[in-house]
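Quick setup: one chain, the form predicted alone, written in structure tokens, and binding and motion questions come after.
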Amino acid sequence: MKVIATYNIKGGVGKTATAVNIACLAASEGYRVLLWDLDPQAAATFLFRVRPKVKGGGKALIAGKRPVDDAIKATDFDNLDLLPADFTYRHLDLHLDSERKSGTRLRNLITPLRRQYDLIVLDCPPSISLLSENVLQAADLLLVPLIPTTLSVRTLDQLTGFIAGFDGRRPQILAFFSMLDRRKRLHTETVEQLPAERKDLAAAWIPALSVIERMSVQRAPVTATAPRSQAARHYRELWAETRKRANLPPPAAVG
């Protein structure tokens, strides 16, 4: 089993859209996939038409009073399950802090799921926190959406520095340009310059397209509703690169 987290310190960069489409693509290829929506805003949960509610809330999950298995919901897509968000997740740092070995609690919770899933995708809220440390301990790969602007690139530098100084398990980073608009000069300049400076930048990128924004209206991944669209093609390219970087075997080999 591999664990991929869509993560960025900065919000509004396309983490949820990436998590939802990557999870859907992996499931369509035959991987058994679980998407855990860790963001109390519950965007991924909304997109999959699942109620954002976990009995007992985040505290029950973290404390082990509610088995993770019991909170998992099926989606409308074969091979794809969802562990929904809950508004109480806004207190996850507090709940984690009250546990022994608080930095590895998330990893310990998902480890028993290895028999059920080939891939777990974590859709993470924007922050540097105890939950972030748990994500770093649990994930094999951080998939980092990056809007091609100065401030967004700065957050990638901050994240890289945070991981470099992290006293624990260090996941790989795969950053990629998100919401790319080549009509904007700054976007074009950043896309041309940054790849020469970083080896953790994907060749795949996601354009700024209205069909991606309309996911919230249709409440489904764009790779499912518009599989022949430009957006879907870019997500497929990103998924292929992500799968390779995470060293995820073919579904038959995994299962």
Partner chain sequence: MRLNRVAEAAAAEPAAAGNQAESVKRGVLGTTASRELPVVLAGAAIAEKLILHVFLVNCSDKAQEDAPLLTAPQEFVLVSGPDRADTGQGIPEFKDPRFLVLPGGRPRTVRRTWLDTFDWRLFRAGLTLELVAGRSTAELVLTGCDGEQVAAEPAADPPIRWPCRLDQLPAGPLRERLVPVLGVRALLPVARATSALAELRAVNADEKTIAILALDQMRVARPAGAGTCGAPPARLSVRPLRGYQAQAAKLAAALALTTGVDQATESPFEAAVAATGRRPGDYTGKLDVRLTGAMPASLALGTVLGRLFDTALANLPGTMADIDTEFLHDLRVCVRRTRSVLKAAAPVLPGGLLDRYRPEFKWLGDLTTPTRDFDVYILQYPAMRQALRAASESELEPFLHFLQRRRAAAFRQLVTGLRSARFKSLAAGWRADLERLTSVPPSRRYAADAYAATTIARAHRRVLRDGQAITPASPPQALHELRKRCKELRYLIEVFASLRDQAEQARAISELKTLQDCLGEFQDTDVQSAELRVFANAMMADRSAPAETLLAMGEIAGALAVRQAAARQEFARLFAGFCGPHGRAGIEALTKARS
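Numbering follows the first chain given and starts at 1. Nothing here was measured: the structure is a model prediction, and the numbers come from that model.
From this point on, the text means the form predicted in complex with its partner chain, which you will not see here.
K.L.:
Just one of 132 to 140, 76 to 84, 180 to 188, 161 to 169 has heavy atoms within 4.5 Å of its partner chain in the predicted bound form; which?
P.N.:
Stretch with heavy atoms near the partner: 76 to 84.
K.L.:
Quick one: is residue 116 in contact with its partner chain in the predicted bound form, heavy atoms, 4.5 Å cut-off?
P.N.:
Result yes; residue 116 sits at the interface with its partner chain in the predicted bound form.
K.L.:
Does residue 60 make contact with its partner chain in the predicted bound form, using a 4.5 Å heavy atom cut-off?
P.N.:
No, residue 60 is distant from the partner.
K.L.:
Would residue 69 count as a contact of its partner chain in the predicted bound form, using a 4.5 angstroms cut-off between non-hydrogen atoms?
P.N.:
Judged by the heavy-atom cut-off of 4.5 Å, residue 69 is in contact with its partner chain in the predicted bound form.
K.L.:
Flag residue 225 as yes or no: does it have a non-hydrogen atom within 4.5 angstroms of any non-hydrogen atom of its partner chain in the predicted bound form?
P.N.:
Yes, residue 225 sits close enough to its partner chain in the predicted bound form that at least one of its heavy atoms falls within 4.5 Å.
K.L.:
Using a 4.5 Å heavy atom cut-off, which residue among 50, 42, 209, 201 comes into contact with its partner chain in the predicted bound form?
P.N.:
Selected option: 50.
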